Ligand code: PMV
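Only one chain is shown below, in structure tokens, and it's the form predicted alone.
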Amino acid sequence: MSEPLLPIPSRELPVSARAPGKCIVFGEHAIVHGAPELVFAIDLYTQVFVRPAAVTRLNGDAEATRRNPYFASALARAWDSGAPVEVRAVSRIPRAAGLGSSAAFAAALAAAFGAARGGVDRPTLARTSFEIERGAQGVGSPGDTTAVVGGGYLAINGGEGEPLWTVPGGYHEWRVRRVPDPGWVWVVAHSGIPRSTADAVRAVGRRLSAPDGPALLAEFARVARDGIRAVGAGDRRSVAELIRRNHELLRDAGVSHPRLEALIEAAAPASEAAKLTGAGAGGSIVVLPIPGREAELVRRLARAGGLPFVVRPVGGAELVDAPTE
């Protein structure tokens, strides 16, 4: 995907918006510490519908501002009118799976709120979506929200050319660049093991504080830089080698899981390479299939107990026609 990053236009309530999920190919966890990451938006979506209401509710729950930290964070950071709203959300993205369910919810809601407040440009939408997600999680990087807002393949702190936008955050400023789409199909598979992004990020932070932590972080960064170049050049052989190396590093960092390892083993006969994607310690894997063997790969992953999806890069958050009631 390389379409222009069109802004979200103004639209009065009711408003409906959707945002895709995401898949990290290289650099998860290391990006929190300023290293590069390569991520792309996938064709699984979360959609929200926002309308005026007497009481603010999410999917009928008037207590959602207390129960759902992402909803509360979105209201605080993207909806400053104070007017109560009714929000309905539906999603095809598995929750706590490393595929961007929280980022898609944050971005779709921020896009809907932005449209109702007069429209919003993509850089602002990306920054607001990150603020929403970090406000709910307390830690993290803008990789997920960048992907679901920008769409296609995006490099954070890597790639070539002028940045599309930057995202400030504490000790780091993350720079976002477009990466050429090589036209590949991928497969992701959820292990069924839920994970906590915040817990995994903190665990990796502790691992990187060990004496060999700087060397480990430097290797994460090298693999991501080389991977960004290889994907942009359409070099499948190099990408496969780097995917395998990236998974070794994530295993060393302590965020793999026996279920993830079992899925990677099951995928091997029909894949060029596979690794965990996202926070790890559960969640999902991403697989670069052997071309023409995608259906076999899906069957192998399903037989091994995974929930597989064949995915392709798509555009970012957008407004959609609101349902009539």
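Here the structure is a predicted model, which means the values were calculated and not measured. One-based numbering along the sequence shown.
Missing here is the form predicted together with the ligand; even so, the following discussion is about that form.
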property: Ile31, Val286, Ala267, Ile42 - the one with a heavy atom within 4.5 Å of the ligand in the predicted complex; result: Ile31
property: In the predicted complex, the one of Ala126, Ile132, Leu99, Val231 near the ligand [non-hydrogen atom within 4.5 angstroms]; result: Leu99
property: Options 294-302, 57-65, 272-280, 43-51; stretch whose heavy atom lies within 4.5 Å of the ligand in the predicted complex; result: 272-280
property: In the predicted complex, Asn246 touching the ligand (heavy atom, 4.5 Å); result: no
property: Close approach of Gly152 to the ligand in the predicted complex, 4.5 Å, heavy atom; result: no
property: Interface membership of Ile24, the ligand in the predicted complex, 4.5 Å heavy atom rule; result: yes
property: Close approach of Gly159 to the ligand in the predicted complex, 4.5 Å, heavy atom; result: no
